[in-house]
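Single chain ahead, by itself, as structure tokens, in the form predicted on its own.
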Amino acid sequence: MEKKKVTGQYINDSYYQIKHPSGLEILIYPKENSTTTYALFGTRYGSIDNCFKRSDELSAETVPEGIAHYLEHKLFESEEGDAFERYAKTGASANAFTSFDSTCYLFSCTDRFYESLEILLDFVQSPYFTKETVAKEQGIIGQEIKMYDDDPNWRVVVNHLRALYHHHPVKDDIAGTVESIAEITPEYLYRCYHTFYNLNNMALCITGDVDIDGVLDICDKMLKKAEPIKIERVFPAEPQSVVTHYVEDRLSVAIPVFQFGFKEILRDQGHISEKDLAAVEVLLEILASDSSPLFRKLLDAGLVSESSFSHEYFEGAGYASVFFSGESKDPKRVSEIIMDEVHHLQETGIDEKSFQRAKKACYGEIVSALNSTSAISNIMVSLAFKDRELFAYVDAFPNLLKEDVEQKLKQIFVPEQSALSVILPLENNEKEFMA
């Protein structure tokens, strides 16, 4: 069993990387005297993985949209009962989520950790699908899809991605469509499960006051050795251009909801390093944080409120974008002011004082997150699934140069690569809003 201790360059903290004989990557971050322990068991498998080729097969296969999310729902069920019922007996709080590029199962607890860990490793490795249970879930997930279709905060995101991306499956809803999930069968579920839930494609991250040998004893007992396979994700060619610069929809909102952003032109096969990631975070802190001139300008003009403006770097396999989101009575004006501020920074360069302040703020935020067991586990797994390492990311901030951030400013913020998505009030509501 390979065991490696990883220590930060600037912070006096360490965690352990372990390659288990089963093929699973295990990350254990000991936090002495922590009152809560957090475990996350995940796979590199999300909604974008609808076309793939296994290394032990000759050709790629396309499956219906929504299977990753469907599997997340179904794995909690077994012939012995529901996993949540089992967790109730240990007092653990459990959950799961599916994103565009991963699926994760998690729990937190204050005691009886090893019993809960057994439950986690057991049910995720014990798929149980029948025609009857799959058909029943189709109705449940179909209702969930319709619910999200009516959610303005989700609809504005999906519409925006469809404005930015021509063919990449990141433009498709994580849960799929009512039509696509109707095509899902037990055979499809088992096929995708045995491809992506191979332990060599997964990771287990545990943060808290735990005994490493105790964790490994449970892993030795519960993990089933998996034959390694390589999975090639097959994506259609994606043009550099956006589909449209503006898209709007109408739902029941009091104030228009918007998302404005830029589609990044990816280089180097889309690989984004820890340094690149840190540079974008610092850039967004300079450009759009609560203390930025841009935010103050939007606030003073009454275009956003203190709590209704946010920013995000959204990236994964074959896609990367910067988003600005919120509510505003005039989303188009918000996008114009953002574009003006970007152009100003590109023309004048980033002020050294602003750069140093933003770098310290971002570094302080990530170091502060290392006090949270849930934050550590989620960050570590997210980075690991994209072939990055936690302390390489944390240590990138103190080592950043202003030139690194200015390079990202020119690379990402290209006017032709922008799009604005807006959710307007229903027409009757809009008349009341305008009045």
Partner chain sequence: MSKMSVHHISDAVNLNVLSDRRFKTIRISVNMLVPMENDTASAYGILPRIVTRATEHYPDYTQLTQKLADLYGATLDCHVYKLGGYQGISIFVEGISNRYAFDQEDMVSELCSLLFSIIENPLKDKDGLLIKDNFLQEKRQVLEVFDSEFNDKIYYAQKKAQEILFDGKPEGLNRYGTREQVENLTLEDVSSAWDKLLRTAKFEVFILGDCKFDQKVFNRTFASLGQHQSYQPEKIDTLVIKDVTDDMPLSQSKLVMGFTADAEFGESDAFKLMAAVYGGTPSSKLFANVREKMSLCYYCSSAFDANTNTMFVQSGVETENIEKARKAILEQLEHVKTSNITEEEIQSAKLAISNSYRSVNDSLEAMENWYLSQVFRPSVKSPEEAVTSIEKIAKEEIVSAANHLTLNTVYVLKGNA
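Residue numbers count along the first chain shown, from 1. Because the structure is a prediction, the values reported are computed rather than measured.
Below, we refer to the form predicted in complex with its partner chain, which is not included among the displayed structures.
With its partner chain omitted here, the record of contacts in the predicted bound form names 137 to 145 of 195 to 203, 137 to 145, 241 to 249, 312 to 320, defined by a heavy atom within 4.5 Å.
Relative to its partner chain in the predicted bound form, residues 52, 236 and 396 are all farther than 4.5 Å at every heavy atom. This chain appears without its partner; in the predicted bound form, the one residue of 104, 92, 283, 161 with a heavy atom within 4.5 Å of its partner chain is 92.
The listed set 334, 257, 120, 342 contains one residue whose heavy atoms approach its partner chain in the predicted bound form to within 4.5 Å, identified as 257. At the 4.5 Å threshold, heavy atoms of residue 36 reach its partner chain in the predicted bound form.
Taking the partner from the other structure, its partner chain in the predicted bound form has a heavy atom within 4.5 Å of a heavy atom of residue 108. None of the heavy atoms of residue 25 is located within 4.5 Å of its partner chain in the predicted bound form. At a distance threshold of 4.5 angstroms between non-hydrogen atoms, residue 88 is in contact with its partner chain in the predicted bound form.
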